[in-house]
Ligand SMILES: Nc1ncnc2c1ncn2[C@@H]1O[C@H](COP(=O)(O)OP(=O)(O)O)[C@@H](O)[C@H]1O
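Okay, so here's just one chain, in C-alpha cells, the form predicted alone.
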Amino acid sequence: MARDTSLFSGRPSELIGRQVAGYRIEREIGRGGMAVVYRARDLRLERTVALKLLAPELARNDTFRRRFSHESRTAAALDHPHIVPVFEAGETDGVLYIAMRYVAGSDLRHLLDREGPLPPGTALRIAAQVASALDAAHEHGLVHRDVKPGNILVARGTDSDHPEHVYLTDFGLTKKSLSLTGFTTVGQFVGTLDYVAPEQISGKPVDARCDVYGFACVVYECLAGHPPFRRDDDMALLWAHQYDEPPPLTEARPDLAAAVDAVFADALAKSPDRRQDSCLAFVAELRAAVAGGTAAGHAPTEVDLRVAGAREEPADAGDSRGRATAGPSSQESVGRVTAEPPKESGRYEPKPPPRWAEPVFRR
C-alpha cells in the first residue's frame, strides 16, 4: 500500500487486482470525500464483499481510530434484516477498512434519479424497512446522522407483494467520529445538506430525532421527486433547514390527502421535541394519512412489518406529543404498511411489481 494516496487521486484502476487485508479488489463501486468502496473477493471465505477503504489521513488521528474501532464493533453487532452486515473492520498498512455484505442491485439515489416520484405504496414499503433499521440502531446507541438515498440500497424482493428488499448502510463510520478529527470545520461539513437536521448545523447535541428529520427528508423526496428544501447555494440551504418551513408535500403531490402535510410538518420541525419519537412512528402516521385519503374499496395489500422486527405501537388515540392520531384503528394498523392505494383511485396498480424493478436488477 505504498501508494495509498491513490485511493483518492482519481486513479482507482491502480488498486484493481491488488490484495488488501485478505481481499482482492475487483472494481470501484462508490466514492466519497472520506472513503472509496470497492467490490472485492474475500480470499479466505471465497465470497464477494463490499470493501470500504477510508482516507489515509483518518488513520493518522488516534482519537478517530479509537472511535472507529468501537463503532465498527457496535455496527458489526447489529443483526437486522435491513442493515447491511459488517463482516470485519481493521487497519492494514496505514489504511482503515470495513468489509461488508455486497448487495447486488441499485441504491435509492439512482432509483429516484431515474424514476422521479414513487407511488405511495412503493415509498411506504421502502420507508418502513429503513425505519425499522434506524430504530434498531437507535436501540443500540447508534445515531446514523447521514440518512440519504445513497445510503439506502434496494435489492430484489421475494415476490410481487414484496418487490424490493431494502438495506441501510454506512453505520461503520458515524459522523460523530469524523467531527472529532476536525473534518467538520468550515468548508468540510460532513453529511449531505439536503437531509441535515437543524441541530446538526448549529452544533447542538443530537439523538435519534436527528435521524427522524433526515429520514423524513428522504421520504419527502421519494414522494415529491425532490427534497423539501431547494436553494441555489449551500448557505441558503443551511439557512432553510434552520429557519424556513418546508413546503407542503401536497403542492407537489395533489393526489395525496392533506393529512400528510401535518405528518411531515412534525417530522421536519426545527425543534426535535416536536418530531415523532421514532422513525417507525413517523411511518405509521404517514401510512394512516395516506390511507385516509384513498377512496373506499377493497382492502389494500398490506405487509406485516413484524417479520422485519417492527415494534407494535400502543393502542391509544394519541401520541407522546399530545396530538390525535388519524387513520384506521390501532388493531388494523399495528405493524403493517399499506402497499398501494385501492385500484379505484386509477393512479397506481398494486400488481405487477413496479416498472422500475427489472431495470434495477437486470445489471
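Definition used throughout: the rigid core is the maximal C-alpha set that superposes within 1.5 Å between two forms. Note that residue numbering begins at 1 and tracks the sequence as displayed. All of these numbers come straight from a predicted model, not from anything done at the bench.
FYI, the form predicted together with the named molecule isn't displayed, but the following is about it.
**Student:** Given that the named molecule is left out here, which of R253, K270, H165, R101 has a heavy atom within 4.5 Å of it in the model of the complex?
**Tutor:** Contact residue from the list: R101.
**Student:** Of the options R209, R287, K148, R145, which one has a non-hydrogen atom that comes within 4.5 Å of the named molecule in the model of the complex?
**Tutor:** Comparing distances to the named molecule in the model of the complex, the residue within 4.5 Å is K148.
**Student:** Among 261-269, 209-217, 129-137, 149-157, which stretch sits within 4.5 Å of the named molecule in the model of the complex, heavy atoms only?
**Tutor:** Answer to the contact question: 149-157.
**Student:** Taking 4.5 angstroms as the cut-off for heavy atoms, does L58 touch the named molecule in the model of the complex?
**Tutor:** Flag for L58 set to no.
**Student:** Can V84 be called a contact residue for the named molecule in the model of the complex at 4.5 Å between heavy atoms?
**Tutor:** Because a heavy atom of V84 falls inside 4.5 Å of the named molecule in the model of the complex, the answer is yes.
**Student:** With the partner left out of view, is R31 within 4.5 angstroms of the named molecule in the model of the complex by any non-hydrogen atom?
**Tutor:** Heavy-atom contact with the named molecule at 4.5 Å: present for R31.
**Student:** Taking 4.5 angstroms as the cut-off for heavy atoms, does E71 touch the named molecule in the model of the complex?
**Tutor:** Close contact is absent here: in the model of the complex, E71 is far from the named molecule, nothing within 4.5 Å, heavy atoms only.
**Student:** All three of E221, V283 and A291 touching the named molecule in the model of the complex at 4.5 Å, heavy atom to heavy atom?
**Tutor:** The answer is no; none of E221, V283 and A291 reaches the named molecule.
**Student:** Counting only heavy atoms, which residues in 107-130 are within 4.5 Å of the named molecule in the model of the complex?
**Tutor:** Heavy-atom contacts to the named molecule in the model of the complex: only D107.
**Student:** Any chance the CA of L58 moves 2 angstroms or more between this form and the one not shown, core superposed?
**Tutor:** L58 C-alpha, core-superposed: shift of 2 Å or more.
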